[in-house]
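Okay, here we've got a single chain as structure tokens, the form predicted alone, with questions on binding and movement later.
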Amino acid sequence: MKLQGIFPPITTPFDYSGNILKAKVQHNVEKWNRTALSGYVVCGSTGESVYLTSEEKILLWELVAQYADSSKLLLAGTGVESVRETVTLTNRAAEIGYKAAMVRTPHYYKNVLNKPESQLLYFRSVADQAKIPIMIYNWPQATGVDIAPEAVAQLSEHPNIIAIKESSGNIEKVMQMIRECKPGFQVLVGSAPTIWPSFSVGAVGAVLAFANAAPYATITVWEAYRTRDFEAAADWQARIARAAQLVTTKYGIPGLKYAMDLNGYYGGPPRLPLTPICPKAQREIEQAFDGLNG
């Protein structure tokens, strides 16, 4: 399975009471269908998955599968703390039609889960029982747990572990994984401010929150890389850098959802305890996204 190109980890549309808006799921997916996005990650971190019940995750997987174009590859965010529940969610997503599962590093018991042997046991145990291939998801800034390239290289030998989404923004780490992992193992990145440098060292794709609001800008970087138009890739990387930083590291999901509203998608409110951004932040995002149409 090839996981090349740009995948947005799609946001979850809520109303102001915190309920999932089914019609807005349809609105966003059908609008993204008209782009050259490679597919969608449903119930990733950007989808506020840590605030969703298992029933809500299943509902979102079903809705996106219903509205997604057949050309789009569907990936499910299924990782939770225990092997047992992660396997249950992964296999339910497989039944709905998802082709791979993105599984984040478990992190609650950090004193144990920071150890490579615990990480190897977790991912191998999930992969052994999963009905679809597994993508490791590493985001140490949020989880406080960082999986080492050496551990990823060992996991790449498992026949049902096919890729990693590396969201640290560490280019040297991306390079090490590309060098040391089994041939055919795919390295994708999750940091929009570094996608062009990541592609240039061998990453095959990206799972980008920023692509929810500005898919064409991220697709342009990918297409410039794919066609070896390095000048255009560097130019577009520079254009998106500020906006990407605002809606990821600075203002997070509330900022991203506001940017989506600006660009014709439905962002709406985040789910509590997250709250909408203030007017000053809104103006900052408006200025950064000027010229970056959705």
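Note that the structure is predicted; figures quoted are calculated from it, not measured. Just count from 1 along the sequence shown to find any residue number.
Beyond the structure shown, there is the form predicted together with a further copy of the same chain, which is absent from this document and is the topic of what follows.
- Mapping the unseen interface onto this chain, C181 falls outside it, with no heavy atom inside 4.5 Å of a further copy of the same chain in the predicted bound form.
- a further copy of the same chain in the predicted bound form comes within 4.5 Å of a heavy atom belonging to K110.
- Interface membership of S38, defined by any non-hydrogen atom within 4.5 Å of a further copy of the same chain in the predicted bound form, is ruled out.
- By the criterion of a heavy atom within 4.5 Å, N263 is excluded from the residues contacting a further copy of the same chain in the predicted bound form.
- T249 is the sole member of T227, N33, T249, Q66 with a non-hydrogen atom within 4.5 Å of a further copy of the same chain in the predicted bound form.
- Contact with a further copy of the same chain in the predicted bound form, defined as a heavy atom within 4.5 Å, is made by none of K2, Y216 and Q282.
- Of the candidate stretches 151 to 159, 78 to 86, 207 to 215, 182 to 190, only 78 to 86 contains residues with a heavy atom within 4.5 Å of a further copy of the same chain in the predicted bound form.
- In the predicted bound form, S17, G18, N19, S45, E48, S49, V50, Y51, T53 are the residues of 15 to 53 with at least one heavy atom within 4.5 Å of a further copy of the same chain, listed from first to last.
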